[in-house]
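Single chain ahead, by itself, as structure tokens, in the form predicted on its own.
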């Protein structure tokens, strides 16, 4: 899966969590929780969706690595490529 495909999946799922937010203007470095006004339950739902859609289980200790879109992309790319190896 390419980074662009992964980005589309993430934006699709984030759009479901925060449909009122213009994701096209989302800064990849911004804290998703603040930018999208996600509470802890919404963020946990996002982690659950990643597991279901991508098959990547994110341990709670790793959540801070996924607080930004760029961090989430880096983390998921790394874990998806590790799984293929």
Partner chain sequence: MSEFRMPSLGADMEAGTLVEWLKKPGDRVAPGDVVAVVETQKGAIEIEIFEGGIIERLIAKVGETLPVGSPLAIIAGSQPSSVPQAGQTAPEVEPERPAPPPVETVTETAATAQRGIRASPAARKLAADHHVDLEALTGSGPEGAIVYVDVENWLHAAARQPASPPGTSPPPPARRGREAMREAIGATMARAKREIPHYYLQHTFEFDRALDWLSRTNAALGPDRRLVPGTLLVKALALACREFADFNGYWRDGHFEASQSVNVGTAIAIPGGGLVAPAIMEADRLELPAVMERLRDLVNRVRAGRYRGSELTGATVTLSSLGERSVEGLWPIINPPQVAIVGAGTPVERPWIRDGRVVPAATLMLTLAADHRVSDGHRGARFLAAIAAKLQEPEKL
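The structure displayed is predicted, hence computed values, not measured ones. Positions refer to the first chain, counted from 1.
Keep in mind the form predicted together with its partner chain is missing from the figure; the text below concerns it.
Using a 4.5 Å cut-off to its partner chain in the predicted complex, each of 31, 44 and 48 places a heavy atom inside that distance. The shortest heavy atom separation between residue 53 and its partner chain in the predicted complex exceeds 4.5 Å. In the predicted complex, its partner chain sits beyond 4.5 Å of every heavy atom of residue 26. In the predicted complex, its partner chain sits beyond 4.5 Å of every heavy atom of residue 75.
Although the partner is absent here, residue 20 lies within 4.5 Å of its partner chain in the predicted complex, judged by heavy atoms. Contact annotation for 37-74: residues with any non-hydrogen atom within 4.5 angstroms of its partner chain in the predicted complex are 37, 38, 39, 40, 41, 42, 44, 45, 47, 48, 51, 52, 57, 58, 59, 60, 63, listed in sequence order.
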